[in-house]
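One chain comes next, on its own, written out as structure tokens in the form predicted alone.
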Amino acid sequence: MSKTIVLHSFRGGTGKTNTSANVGAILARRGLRVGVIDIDIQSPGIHTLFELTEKDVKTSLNGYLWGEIEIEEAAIDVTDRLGDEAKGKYYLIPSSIKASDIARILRDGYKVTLLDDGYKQLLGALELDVLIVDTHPGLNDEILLSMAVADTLVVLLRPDQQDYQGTSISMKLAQNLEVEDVVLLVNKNPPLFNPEMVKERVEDAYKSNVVAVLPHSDEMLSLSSAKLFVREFPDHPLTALFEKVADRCVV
């Protein structure tokens, strides 16, 4: 049975896009058919993790939202970015990185309910086992719709007071939308913070399970969001934690 996994954070800079791409890569390497869709239409960026440039993105989510293409026509097969050991398939559905397209979205908008239809269409047309939705930080109509249709909602936060306050709002909305499966993921934990203590504090604050506490990583920073971490550092402790997140997402 296919699953839609939505990754969300109230504030930017939580590492949501890196997590989306790397968890998807792990699942595709295991033999699943995986799609990751970038609905951060105002500031898209996940394409860089697959070493794609504006010239490589011929079609995009924007074209579907404007009624110009079917959404599966925007899918780019990025399986070759996983290495020779990949057993499944990996597709990226990017948002346009052209300034004119971003300006058009900001000016004219689009019918948000098309996203729900698009998710379903992708699952069927590409025969996906998993669709990962990389969302925009904060809350808007796209986020609320994506939360409502999520089989699993992963809420990311850093051990930071502003993140704690914003996450409270996200968790309350998820409850109001009756999202059945919600987990928390703490990212960029400083070396001085005991991960077990952070996990306990966050779980106590939100009465929800923390799937992992991901440490701050200089190796992650060194990639500058230009490559998939799990391919470049397969034996790194952070990769093992991404594996743990992937396990939880497909339970």
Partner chain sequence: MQLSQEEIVGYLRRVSAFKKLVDEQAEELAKISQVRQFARGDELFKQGDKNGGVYIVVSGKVIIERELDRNNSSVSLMVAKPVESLGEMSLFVDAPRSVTATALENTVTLWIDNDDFVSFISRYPDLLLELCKVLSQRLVEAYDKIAEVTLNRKPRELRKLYDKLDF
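Numbering follows the first chain given and starts at 1. As the structure is a computational prediction, the values presented were derived from the model and not from experiment.
The protein also exists as the form predicted in complex with its partner chain; that form is not presented, and the subsequent description refers to it.
*Asks:* So which of D160, D141, D80, E180 gets a non-hydrogen atom within 4.5 Å of its partner chain in the model of the complex?
*Replies:* Exactly one residue meets the criterion: D141.
*Asks:* Report the residue, out of I102, V112, L126, I76, that has at least one non-hydrogen atom within 4.5 angstroms of its partner chain in the model of the complex.
*Replies:* Exactly one listed residue reaches within 4.5 Å, namely V112.
*Asks:* Looking in the model of the complex, any heavy atom of A86 within 4.5 Å of its partner chain?
*Replies:* Taking the distances in the model of the complex, the answer for A86 is no, it never comes within 4.5 Å of its partner chain.
*Asks:* Should K172 be classed as touching its partner chain in the model of the complex when contacts are defined as heavy atoms within 4.5 Å?
*Replies:* Output for K172 is yes: heavy atoms within 4.5 Å of its partner chain.
*Asks:* Whether I97 contacts its partner chain in the model of the complex should be assessed with a 4.5 Å heavy atom distance threshold; does it?
*Replies:* Answer no; every heavy atom of I97 is more than 4.5 Å from its partner chain in the model of the complex.
*Asks:* Is Q165 near its partner chain? Define near as a heavy atom within 4.5 Å, in the model of the complex.
*Replies:* Q165 lies outside the contact set for its partner chain.
*Asks:* Using heavy atoms only and a 4.5 Å cut-off, decide whether all three of V57, T59 and I71 touch its partner chain in the model of the complex.
*Replies:* Zero of three within 4.5 Å in the model of the complex.
*Asks:* Taking 4.5 angstroms as the heavy atom distance cut-off, pick the stretch from 102-110, 127-135, 89-97, 152-160 that is near its partner chain in the model of the complex.
*Replies:* Within 4.5 Å of the partner lies stretch 102-110.
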